[in-house]
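Just the one chain here, laid out as structure tokens, in the form predicted on its own.
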Amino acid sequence: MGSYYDIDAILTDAQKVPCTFELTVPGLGYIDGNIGGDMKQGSKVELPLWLGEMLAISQNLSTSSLVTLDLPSALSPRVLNALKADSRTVDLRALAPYFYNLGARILELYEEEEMVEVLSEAFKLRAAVIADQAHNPRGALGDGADFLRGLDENERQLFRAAHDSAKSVRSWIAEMTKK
């Protein structure tokens, strides 16, 4: 988890995750669109990650948690299989703007070794393509444009850093050749 003032951490924690209520909660039906009603046991709702996590780890007197936090669709087995097949073709931004941050937060709550491996490999493969696109002056045009639109926020920051450094090196070399 990032700093209290880290906007990326705040936006990551605001992403919705599916939760299943394990108990009936009186008067909480408005979350599910049932104004004035109760939240019934077994109801599935999407809550912000920060709230779902707090409700999942809280316990009542009978030692059962209020909700069960389910894996978000952005980290479903279908998405993980697509990342294993060819991570470059997956539009991570459409799944979750802070995809890798969401994955890291979920992995704080679950022990999913396969997910760790898949996300790590996907980031490594995509980082190589990002670096290639950033160093190519025409990388953001043509074929690379669709790929760049699908980058999550971490990858966009990586692209900007690689692009700016390549641009700085080119201008430095041009300046050195003039002397």
Partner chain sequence: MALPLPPGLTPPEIAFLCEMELVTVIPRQRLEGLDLLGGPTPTLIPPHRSNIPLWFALLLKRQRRANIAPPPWLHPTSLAAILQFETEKSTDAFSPPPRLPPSADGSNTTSPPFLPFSVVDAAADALPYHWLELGEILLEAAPDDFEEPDQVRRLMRDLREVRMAKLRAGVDVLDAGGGFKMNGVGGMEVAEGRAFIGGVIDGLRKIGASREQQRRDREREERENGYTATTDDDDDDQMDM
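These numbers come from a predicted model, not from an experiment. For clarity, a rigid core is taken as the largest C-alpha set superposing within 1.5 Å between two forms. Residue numbers count along the first chain shown, from 1.
Only in words, not in the display: the form predicted in complex with its partner chain, which the text now covers.
J.: Spell out, yes or no, whether the shortest heavy atom distance between W50 and its partner chain in the predicted bound form is within 4.5 Å.
T.: Close contact is absent here: in the predicted bound form, W50 is far from its partner chain, nothing within 4.5 Å, heavy atoms only.
J.: Mark L107 yes when one of its heavy atoms lies within 4.5 Å of a heavy atom of its partner chain in the predicted bound form, and no otherwise.
T.: L107: yes, in contact with its partner chain in the predicted bound form.
J.: Contact with its partner chain in the predicted bound form for N34, defined as at least one heavy atom pair within 4.5 Å: yes or no?
T.: Flag for N34 set to no.
J.: Counting only non-hydrogen atoms and a 4.5 angstroms cut-off, does D70 reach its partner chain in the predicted bound form?
T.: So D70 does not count as contacting its partner chain.
J.: Name the stretch: of 24-32, 50-58, 37-45, 120-128, exactly one has residues whose heavy atoms fall within 4.5 Å of its partner chain in the predicted bound form.
T.: The contacting stretch is 120-128.
J.: For the stretch 69-86, I need every residue with any heavy atom inside 4.5 Å of its partner chain in the predicted bound form, listed N to C.
T.: Heavy-atom contacts to its partner chain in the predicted bound form: nothing from 69-86.
J.: Comparing between this form and the one not shown on the rigid core, is the C-alpha shift at R156 2 Å or larger?
T.: It does not, since the R156 C-alpha is displaced less than 2 Å between this form and the one not shown after the core fit.
J.: Kindly check if the Cα atom of K16 is displaced 2 angstroms or more between this form and the one not shown relative to the superposed rigid core.
T.: It does not reach a 2 Å shift.
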